[in-house]
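Take a look at this single chain in structure tokens; it is the form predicted on its own.
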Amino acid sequence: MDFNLAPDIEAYRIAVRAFVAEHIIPVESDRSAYDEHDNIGLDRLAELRAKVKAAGLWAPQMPKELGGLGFDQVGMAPAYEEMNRSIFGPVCFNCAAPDDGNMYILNRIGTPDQKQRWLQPIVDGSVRSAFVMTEPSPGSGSDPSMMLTRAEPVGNARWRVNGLKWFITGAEEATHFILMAKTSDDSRKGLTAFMFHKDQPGWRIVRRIPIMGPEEHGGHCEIEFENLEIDDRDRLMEVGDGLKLTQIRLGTARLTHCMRWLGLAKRSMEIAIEYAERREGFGVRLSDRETIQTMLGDLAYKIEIGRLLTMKAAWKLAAGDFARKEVSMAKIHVADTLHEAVDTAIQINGARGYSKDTPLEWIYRYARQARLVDGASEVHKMVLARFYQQERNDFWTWGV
């Protein structure tokens, strides 16, 4: 693959970098800009989103005809990395989870009517969305085949849904929902995806689950379905294609996490080096101490490895490949690197890093979820082991 960025992508990356530095990073130090869950308040978010739109930087991952910029995964990678130089960056550009993954899948598989009704408002930023799949034990987690929430056909072209979901990101602020439900006992073709609107009867938020935080807008909620009725025109793909839909969605969604996490890892290192270069102890700058240099050098190459893994996976996804091995490798490495980067930055900054004087403690709390969301690291390692058992030395190949 060619690692040179196309001129339009590079121009966009530079513009995003400048916008984040001028408009978004300054908001991090204004405690009145935060909501009660340690995210950017909705009023300030609306102001920044309006500025992003005015600057022509909105929704780069969506087609131009829908109001985006038409970037594929290769273009998204450097852009998302720059956005997450700020803890508030991605959501300002409409590139944050779960909206990002939901827009991607609806654009890929939605009918023209579904795109107009369900996708366009998310692209416009007039509504938020959620992806409703995970269930409490013994229901589905990393294994979708364990799903207990059921959708059964009723009446004339309608479905009735009953079940319980939890850790549904963004549910409290979402208007449009993608719901995964069991429609048969077939292990491969037993799941189907549906859309529903927050105002439809038959569902409720049981609770917003308290987490370590900081939280995405709308939190992580437990949701109960009791006779939610959905019109068949709001079914996504064919009956039984739910697992296929999740595979299409999650490949890119998992990788966009990596793109954003690399930005946070680089920001952590940036804060570390800035402090190390001006802080002296016993007549020596921290940055001149070999121990600090080793810590920084270790992070620098691990972040670069993460960027290379992420870009290779992006390149394969953009070419139409599922890139399962590549996405899993990037997900494992980048999640570990983010946690190590912010932990090291806190260590170098000392008590300052542990305080709220920098965003490091925010990033540290956020980073712990990276090894869990969209598949725990252990699950991705099992995926890689299965590929290796099947392919042996062909696990490592070059495209021809």
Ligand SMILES: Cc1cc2nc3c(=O)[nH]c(=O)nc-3n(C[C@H](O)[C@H](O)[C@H](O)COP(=O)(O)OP(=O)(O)OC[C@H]3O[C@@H](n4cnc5c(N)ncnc54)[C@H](O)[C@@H]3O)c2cc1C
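The structure presented is a predicted model; accordingly, all values stated were derived computationally and were not measured. Quick note: we count residues from 1 along the sequence shown, nothing fancier.
Separately, the form predicted together with this ligand exists; it is not shown, and the next lines address it.
Contact annotation: residue 107 falls outside 4.5 Å of this ligand in the predicted complex, judged by heavy atom distances. The closest heavy atom approach of residue 169 to this ligand in the predicted complex falls within 4.5 Å. Taking the partner from the other structure, this ligand in the predicted complex has no heavy atom within 4.5 Å of any heavy atom of residue 121. Using a 4.5 Å cutoff between non-hydrogen atoms, residue 344 does not count as a contact of this ligand in the predicted complex. Note that among 265 to 273, 237 to 245, 301 to 309, 136 to 144, the stretch whose heavy atoms approach this ligand to within 4.5 Å in the predicted complex is 136 to 144. Scanning 316, 260, 220, 325 against this ligand in the predicted complex with a 4.5 Å heavy atom cut-off leaves one residue, 220.
A single residue from the set 193, 255, 95, 132 has any heavy atom within 4.5 angstroms of this ligand in the predicted complex; that residue is 132. Applying a 4.5 Å heavy atom cutoff to this ligand in the predicted complex picks out 369, 372, 373, 374, 375, 376, 378, 379, 382 from 366 to 397, in order along the sequence.
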